[in-house]
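As structure tokens, one chain now follows by itself in the form predicted alone.
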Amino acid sequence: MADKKPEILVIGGGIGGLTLALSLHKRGIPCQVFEAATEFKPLGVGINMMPHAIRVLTSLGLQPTLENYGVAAKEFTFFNRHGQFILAEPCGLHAGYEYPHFSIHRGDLHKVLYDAVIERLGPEAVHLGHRCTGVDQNSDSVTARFEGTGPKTGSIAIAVDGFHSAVRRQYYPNEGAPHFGGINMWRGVTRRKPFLSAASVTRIGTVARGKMTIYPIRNFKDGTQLINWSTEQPRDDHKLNDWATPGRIEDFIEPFRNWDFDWLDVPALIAGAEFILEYPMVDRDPVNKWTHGRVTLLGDAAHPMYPRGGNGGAQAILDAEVISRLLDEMDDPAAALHAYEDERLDVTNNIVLTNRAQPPDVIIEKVEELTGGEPFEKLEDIIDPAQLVAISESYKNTAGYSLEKVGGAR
């Protein structure tokens, strides 16, 4: 184990930044977290944490707390736009993984991470109201500049400041606007009785004719659940990508007016939402360099991707594990940052491109193509279900959460 380094600057207190702080602390490496927000609020909607991400969070001692907040998913289910069943696959522990799959409110996940950082590192390790405007460095240290407050100096800086990263913009000033895929998302949460297995991550339909992704993210004592739902629809234009932008039902409801299936009333689910948020499907073209001397990028600052399959949060968590391990193993922190880039850059860039071209619901799109969007009488007459399973396994392998890559239960 290498000697511990001077304090590390973690720029950003989201999922990736807080996981990084906990990972560094576990290895005895001191750090300070600088977050732009002036207070932590339970923002956003649901997120799926696959077993590869839960493996890391479990190693940080967080699984028991996560179980108190999220829903341990049992299965992925796929239906066409007529509500007809296409495929069900077990997930998490039910698929033989050593670690569960948690569907959880993003705000709850953030709270679990934040509370752990405050408890383990102390409240003085987290600095709110510190919006980074850029970094400067020399051969021995790096200094982060912040809006409205003084600069901070450390041994290295790890920029986890999100999709609109100021540090990324410093090194890629001509990158331009985000890449818009011609799809807009609307997302919401609705409290209601459970549907299907009460632990199903369910995808219905296709983007072209109406698509929904629906899953529970919180259990209540009265037997109801908080259900997360989202829809993706083609659009020619879009607003700025901001997770807090309010959405309107009338802007997206049309494809779902008649989706009252015997297992779920989708229009009622949407109408009962506590709130609705609108978000464009945007990412950025992959870059071939994250590390610049004593500064590197992590999470959305490094590889902003479409918010599909929980990949954004999961890949930030995996980044945090790798970089903290390398900083612990190597004497030269700048060399550790380069080693982190070597290990993670190609993997995550591939996921960015896969999320554009082949999302998890490509299974439904295949059936839609073969049936012309019409109801079918018998799925086996249209496609061998084994082919659908193979498509799903291919995506899992690319995203890094196949059973082979994560490991099964012992």
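Since we're looking at a predicted model, the values are computed, not measured. Counting begins at 1, following the sequence as shown.
The form predicted in complex with a small molecule exists for this protein as well; it is not shown, and the discussion that follows is about that form.
- Checking 261 to 269, 170 to 178, 85 to 93, 294 to 302 against the small molecule in the predicted bound form, the stretch whose residues place heavy atoms within 4.5 Å of it is 294 to 302.
- Although the partner is absent from the chain shown here, F34, C132 and G310 each have a heavy atom within 4.5 Å of the small molecule in the predicted bound form.
- Comment: the small molecule is not present in this chain, but in the predicted bound form one of L337, A314, V142, I217 has a heavy atom within 4.5 Å of it, namely A314.
- This chain is displayed alone, yet in the predicted bound form one of V160, A73, A157, A320 has a heavy atom within 4.5 Å of the small molecule; that residue is V160.
- In the predicted bound form, the small molecule stays beyond 4.5 Å of every heavy atom belonging to A21.
- Remark: A166 counts among the residues lining the small molecule in the predicted bound form, judged by a heavy atom distance of 4.5 Å or less.
- Of the heavy atoms in Y279, some are within 4.5 Å of the small molecule in the predicted bound form.
- For R187, a non-hydrogen atom is located within 4.5 Å of the small molecule in the predicted bound form, even though that partner is not displayed.
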